[in-house]
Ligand SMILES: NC(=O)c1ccc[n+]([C@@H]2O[C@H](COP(=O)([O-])OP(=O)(O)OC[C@H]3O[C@@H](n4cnc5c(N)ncnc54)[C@H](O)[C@@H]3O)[C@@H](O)[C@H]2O)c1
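One chain comes next, on its own, written out as structure tokens in the form predicted alone.
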């Protein structure tokens, strides 16, 4: 098939592109390289640097390649920061998605595989299940909910197929280490590579579930090519949840491998981030039943693999925005004072 992957130079996107090419598909990829890297681009794919916020350019591109299947992964996934960059978050998520979806419909796209987020559940009782009402608590989650709702509505009017994927926190090699706003495991590892301590918000007892990349990509591909799951929404990730304190302990243990952790590299604590959901993890019974999902890489093993890759890559500087759109006393000092 002629397939388009948005966010193709990003961590999840490049892994998906590699596996689709291995399956023999014609894969086109776009990315604006704001969070992805050219080194991630598979040379067997047809890649173009493109900012999906640019409506005309995006429409022309979609009209040129006429993809049959689209995997939409491009996103500004800085959930916690979205309260301080609401316009940027909306443009890079909801509006960018519409800029892809509308011309794709015009050019007879057969199926959209939309990567959403479990942030749409908000702070409801865990584990989250797909039949729960979406109750977003931040700007990022509002955008993801709007993307899902727009997909539902437009598919009914224009008769294309779709599947919606809500991943857990995916991590692994090739993840962006330079982002100070998201991807807690990557942030912790890059702090240590830079000989800096990392910071934990609040008491560190927030609970999350984490997916190693090898336990994510195969199932988004299965969802794309199994017509029996058209119109379905899936949580993808392990059922085991961990606190951020536990994540920090595993990262330190795997990074130093039995050696004593230097005092200056032990974590420090900061006030909680505004509106941060305390517990966010899901049931994956639906994915187990319909997609054959199972976790194969335990958390500690996955973190060890990521650290091994990161040490070979070496430390990278964190890249901050020049300024936030909004800021007040609740703005995390890591961002305001560039602490890492």
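Keep in mind it's a predicted model, so treat the numbers as computed, not measured. Positions refer to the first chain, counted from 1.
A second form of this protein, the form predicted in complex with the named molecule, is not displayed here; the remarks below concern that form.
The named molecule is not drawn, but in the predicted complex it has a heavy atom within 4.5 Å of residue 33. Interface residue remark: residue 17 is not counted as part of the site for the named molecule in the predicted complex, having no heavy atom within 4.5 Å. In the predicted complex, the named molecule sits within 4.5 Å of a heavy atom of residue 182. Contact annotation: residue 170 falls within 4.5 Å of the named molecule in the predicted complex, judged by heavy atom distances.
Taking 52, 70, 27, 287 one by one, only a single residue has any non-hydrogen atom within 4.5 Å of the named molecule in the predicted complex, and it is 52.
Checked against the named molecule in the predicted complex, the residues 177, 112, 74, 251 give one hit for a heavy atom within 4.5 Å, which is 74.
Shown alone, this chain has one stretch from 271-279, 289-297, 44-52, 309-317 that lies within 4.5 Å of the named molecule in the predicted complex by heavy atoms: 44-52. Contacts of stretch 10-25 with the named molecule in the predicted complex, defined by any heavy atom lying within 4.5 Å, are made by 10, 11, 12, 13, listed in sequence order.
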